[in-house]
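Next up is one chain by itself, shown in C-alpha cells, the form predicted alone.
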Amino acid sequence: MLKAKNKLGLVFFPAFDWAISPSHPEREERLLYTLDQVHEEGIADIEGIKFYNPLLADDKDIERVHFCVPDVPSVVTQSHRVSAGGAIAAARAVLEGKVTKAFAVVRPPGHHAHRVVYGDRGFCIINIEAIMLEHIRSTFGPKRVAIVDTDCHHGDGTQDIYWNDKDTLFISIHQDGRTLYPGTGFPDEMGGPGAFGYTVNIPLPPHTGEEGFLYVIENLVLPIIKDYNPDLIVNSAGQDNHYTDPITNMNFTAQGYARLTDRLNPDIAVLEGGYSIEGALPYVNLGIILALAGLDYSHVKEPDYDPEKIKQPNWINDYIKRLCEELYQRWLRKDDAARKMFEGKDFVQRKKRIYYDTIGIMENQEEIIKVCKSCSGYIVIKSKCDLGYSILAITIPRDACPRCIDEAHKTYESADQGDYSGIYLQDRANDEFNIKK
C-alpha cells in the first residue's frame, strides 16, 4: 500500500446547488470529474491522505474581511459559505497538527472578491482564502503569511484586501492584464503606505508554458518567500493556465502544475479557477494532490499531451528572464521606494472603478489610507454603485496603534447617516464589526 510522505488533508465541495447558469464554465462538473479521477486512482486508499468535511463560514468570519452591502445574509449564498468553510476546515487541519498539508478542492471560487462586496464578479462573491486566513489569525494568533496566486487571472480581490497589510505577502502570477480579465495586476501595483512592495504582480505573456512558470517560481517567487520568511504559504491554486482552458491563452500542463506545487511547497492550497472540465482539471488536481502528499507524479499526463504543440516561444523565455530580474530588484529596493513615495504624507488616496461583470454594475470607490509610523494605518472607503447604494466603510488594522483606533472610531461615530445608505466599521484590532443604517 502506498504511504504519503506528507500527511495530507483533502476537502471536496462541488456546490451542487449553485451555478451562474446550467452551461456556464463555473459549474459543479468542474469538481465532479476530479472526484471520479481521485476515486479511480485510489487516492482515498493511500495511507496518510485523509478527507475532511467542510465547515460553514458564519457572518463573523465574512465580516472580518468584507463589507457586504447591505449585509452578509443579503449577498452571500449557502454555497459560498460552505466553500469558504471548506478552506477553513483545510487550514484548521494543518494548524491543529492533524495533517502536514491540506488542499481545499472547493467552489465557488473567491479571489476576485474585493473588500467591498455588492454581488458576483469574476464568478466570485466572497474571498475564500482571505476568510480562511483571517479565521486562522483570530483562532491561532498572528501569522505571517505568503499567498501565491497561480490562477491565470490576476487575483485583484485578494490584492485589494491585503493592499496595506505587511503581514500578508501577496504574489500573483497571471496572464498579462492587457490580454485578459480583470485587466489589472501590473508590476507598479505594489501596495499601500503600510505595506509597499508586499504586493508582487508577475504578468506573463499569452502562450507561456511550463518552462516559463517554473522559471518564475525558482528565480523570483522562492527567493522573495525566503526573504520574507512566512509562517505559512498558501497557494491560490487556479488551474486555468492549462493549454485546454476555454477562456485563457496559456500553455501550462498537469505535469507543470505538479512540479510547481512540489517546488512552491505550500502548507495549504485552495482551488480557484480552471474551466477545462474534462481535459485538464482531473489531471491537474491529481498532480497537485500527489505533489502535496510527496508522492510520485511523473505519470500524470493528459491523454492529448504533445509537448511540441505547446512549446513556449523563445522570445517568451527572454522576456520572463528580464521581468524576473526587474521585479526582484524592486523587491530589494521596496523600503527605500516606500520612504520616497510616502514621506511627509498624512493620507494616501486611491480612486477605483470596479466592474461587476456577472451582474452588470459599476462601483465607484474612493479609498483613503492613513500614513502612520506606528502601525499600518486605518482605511476609509467611500463607495457608490449602480444599485443605488452609497456607503462609508472604515477598517482598523490588526496592528493598529491607539491613535489610529481613536481616529477611526471618531470617523465612524461622527459620520452623518443621512449621507449614506450604510456606515460600516470593521475593527480588526478588537475583532468587532458594526453597521449603522
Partner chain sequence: MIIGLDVGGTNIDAVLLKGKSVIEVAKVPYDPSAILEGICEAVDKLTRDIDPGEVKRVNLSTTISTNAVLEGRTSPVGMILESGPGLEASFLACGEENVFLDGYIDHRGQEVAPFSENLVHEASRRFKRRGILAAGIVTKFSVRNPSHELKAKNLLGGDFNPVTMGHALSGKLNFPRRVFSTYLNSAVYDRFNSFAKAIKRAFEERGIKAPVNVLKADGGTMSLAKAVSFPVYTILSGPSASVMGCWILSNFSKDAVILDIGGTTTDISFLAGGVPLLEPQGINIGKYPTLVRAIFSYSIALGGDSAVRVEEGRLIIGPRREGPPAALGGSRPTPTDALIVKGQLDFGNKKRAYLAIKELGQAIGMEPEDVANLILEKMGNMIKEEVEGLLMELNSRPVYTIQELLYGEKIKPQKAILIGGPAKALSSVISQKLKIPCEVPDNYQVANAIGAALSRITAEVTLIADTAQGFMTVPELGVRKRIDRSFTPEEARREAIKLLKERAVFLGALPEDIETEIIEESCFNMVRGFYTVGKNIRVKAQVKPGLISLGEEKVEKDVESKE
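Source: prediction; values computed, not measured. Positions refer to the first chain, counted from 1.
The same protein also exists as the form predicted together with its partner chain; that form is not shown, yet it is the one meant from here on.
Candidate site Met1, Glu29 and His39: all three near its partner chain in the predicted bound form by heavy atom within 4.5 Å: Looking in the predicted bound form, the three residues Met1, Glu29 and His39 all sit within 4.5 Å of its partner chain (heavy atoms).
Consider Phe13 of the chain shown here, and say whether it contacts its partner chain in the predicted bound form, taking contact as heavy atoms within 4.5 Å. Residue-level check for Phe13: yes, a contact with its partner chain.
With the partner left out of view, is Asp45 within 4.5 angstroms of its partner chain in the predicted bound form by any non-hydrogen atom? Asp45 belongs to the contact set for its partner chain.
Evaluate Ile288 for contact with its partner chain in the predicted bound form, applying a 4.5 angstroms cut-off between non-hydrogen atoms, and reply yes or no. Taking the distances in the predicted bound form, the answer for Ile288 is no, it never comes within 4.5 Å of its partner chain.
Any non-hydrogen atom of Ser79 within 4.5 angstroms of its partner chain in the predicted bound form: Answer yes; at least one heavy atom of Ser79 falls within 4.5 Å of its partner chain in the predicted bound form.
Could you tell me which of 367 to 375, 402 to 410, 386 to 394, 49 to 57 sits within 4.5 Å of its partner chain in the predicted bound form, going by non-hydrogen atoms? Flagged stretch: 49 to 57.
Heavy atom within 4.5 Å of its partner chain in the predicted bound form: which of Tyr162, Phe213, Tyr283, Tyr243? Residue within 4.5 Å of the partner: Tyr283.
Counting non-hydrogen atoms within 4.5 angstroms of its partner chain in the predicted bound form, say which of Ile310, Ile316, Ile277, Cys324 makes the cut. The residue from Ile310, Ile316, Ile277, Cys324 that makes the contact is Ile277.
At a 4.5 angstroms cut-off on non-hydrogen atoms, which residues of 289 to 311 are near its partner chain in the predicted bound form? List them in order. If the 4.5 Å heavy-atom criterion is applied to its partner chain in the predicted bound form, 289 to 311 yields Leu290, Asp296, His299, Val300, Lys301, Pro303.
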